[in-house]
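The chain below stands alone and is given as structure tokens, in the form predicted alone.
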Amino acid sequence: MPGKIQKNSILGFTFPQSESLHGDRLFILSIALLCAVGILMVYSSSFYMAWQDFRNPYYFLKRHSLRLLIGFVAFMAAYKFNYHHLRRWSIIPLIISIILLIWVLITGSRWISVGGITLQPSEFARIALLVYLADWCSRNANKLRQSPKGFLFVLTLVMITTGLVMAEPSYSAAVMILISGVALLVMSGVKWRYLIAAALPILPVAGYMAVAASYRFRRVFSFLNPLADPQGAGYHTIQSKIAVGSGQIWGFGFGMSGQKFHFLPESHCDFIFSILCEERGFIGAALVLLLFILFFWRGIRIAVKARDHFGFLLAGSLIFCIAFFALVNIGVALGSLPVTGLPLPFISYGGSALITNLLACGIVLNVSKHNNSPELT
């Protein structure tokens, strides 16, 4: 019956089920809860700095909420637009992204301002690249697996995009684009000997780039012994560990973090997980980790159940990318990885990453919706 609303319960939560919304409910739930945690933690981690700098404790919360709203619009647009039609236009976003990457190189800035909101072209380039590669690899599966020419074509696109982002310079974002592209190639079934042959010249170059600049060298290796330079390269790692360890089991309580008072820089962005551990303790951190696990599990399940190879590659690569971002950010907060400058998906203070991650999730949910469709369109 048109417009009829039915009830659907998941783990005690009741959702309206209407004709306008279909897809994996647990996947939607994980995203919604992670975004809700993000709203709370952005306010908690930023209100002091917002008051100090802008005399408005809600300054960052308002901006985050606006970007979250934009991300929700992008999410719904991607959900409504049949993902099969992306194949027809997949080259266009990639071309636009490459043009924007060249533009920021010319202007000397990593960001483009649109309506007072700064956007990073590298974030959109990552999504555009994965969409195009999912299309190309699904159309040319045999060519990709049997001929090195197909593999070299895909690798060239990945390296061009990676190189442009690295030239900004944004080394960590470039590495993430490279890893995402390689992950999609692995999902496509490319022969491992091709990947190994490509890695032999790429890894030494990447290693050199990592240590060529003194600041990158210190950042890459400081996490191994942050106390060797406690006021320099090791400062972020030390302060993050203090925040994580201080929370113990239950944490100090919402808004009660001490590290956000100018001890831990970027506490509302790159190190928001550290503040979460300090305020909500091991229990709160574990619940957030469980939400990310739920998100990854349901996302991969959507990819595996996709009714075509394009949907599998598209959903799988996008989910892997977001989950890997989360893993790296949490690893940095715990002092297990070098400081990268990558935000925690859905939770860190919003910007391009928040919008593009929600856009990607809309595409994945679109795949989920068509998994139950009676026919492919």
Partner chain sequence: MTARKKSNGRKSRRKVHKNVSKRYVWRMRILAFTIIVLFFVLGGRLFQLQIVDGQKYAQIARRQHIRKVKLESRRGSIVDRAGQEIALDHPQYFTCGVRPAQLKSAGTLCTELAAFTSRPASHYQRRLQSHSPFVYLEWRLTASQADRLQSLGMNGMNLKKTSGRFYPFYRATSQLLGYTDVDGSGIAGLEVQCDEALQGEKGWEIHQRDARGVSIWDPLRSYAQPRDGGTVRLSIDILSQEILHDALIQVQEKYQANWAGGVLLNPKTGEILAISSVPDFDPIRPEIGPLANHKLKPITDLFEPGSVFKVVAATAALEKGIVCLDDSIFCENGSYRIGRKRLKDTHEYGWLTFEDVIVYSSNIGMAKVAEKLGSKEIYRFAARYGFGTPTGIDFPGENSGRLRPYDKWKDIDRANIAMGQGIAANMLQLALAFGAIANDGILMEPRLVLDRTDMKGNHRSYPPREVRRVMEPETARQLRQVLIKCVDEGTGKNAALDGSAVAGKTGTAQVPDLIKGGYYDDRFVSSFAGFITDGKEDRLLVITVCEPQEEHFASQVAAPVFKKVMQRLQPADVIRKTWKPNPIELADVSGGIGKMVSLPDRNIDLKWLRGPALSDISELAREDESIEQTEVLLPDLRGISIREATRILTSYGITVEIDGSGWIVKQSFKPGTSLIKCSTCRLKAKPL
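Positions refer to the first chain, counted from 1. Owing to the predicted nature of the structure, the values given are computational and were not obtained by experimental measurement.
In what follows, reference is made to the form predicted together with its partner chain, a form of this protein that is not presented.
Within this chain, residue 92 is remote from the site of its partner chain in the predicted complex, having no heavy atom within 4.5 Å. At the 4.5 Å threshold, heavy atoms of residue 306 reach its partner chain in the predicted complex.
Though the partner is left out of this view, residue 336 does reach within 4.5 Å of its partner chain in the predicted complex, counting heavy atoms only. Residue 153 falls outside the set of residues with a heavy atom inside 4.5 Å of its partner chain in the predicted complex. Residue-level contacts in the predicted complex: of 26, 70, 34, 323, one residue has a heavy atom within 4.5 Å of its partner chain, and it is 323. None of 247, 181, 234, 121 but one reaches within 4.5 angstroms of its partner chain in the predicted complex through a heavy atom, and that residue is 247. The stretch among 73 to 81, 123 to 131, 275 to 283, 197 to 205 whose residues place heavy atoms within 4.5 Å of its partner chain in the predicted complex is 275 to 283. For the stretch 168 to 192, the set of residues having any non-hydrogen atom within 4.5 angstroms of its partner chain in the predicted complex comprises 183, 185, 186, 187, 188, 189, 190, 191, 192, in sequence order.
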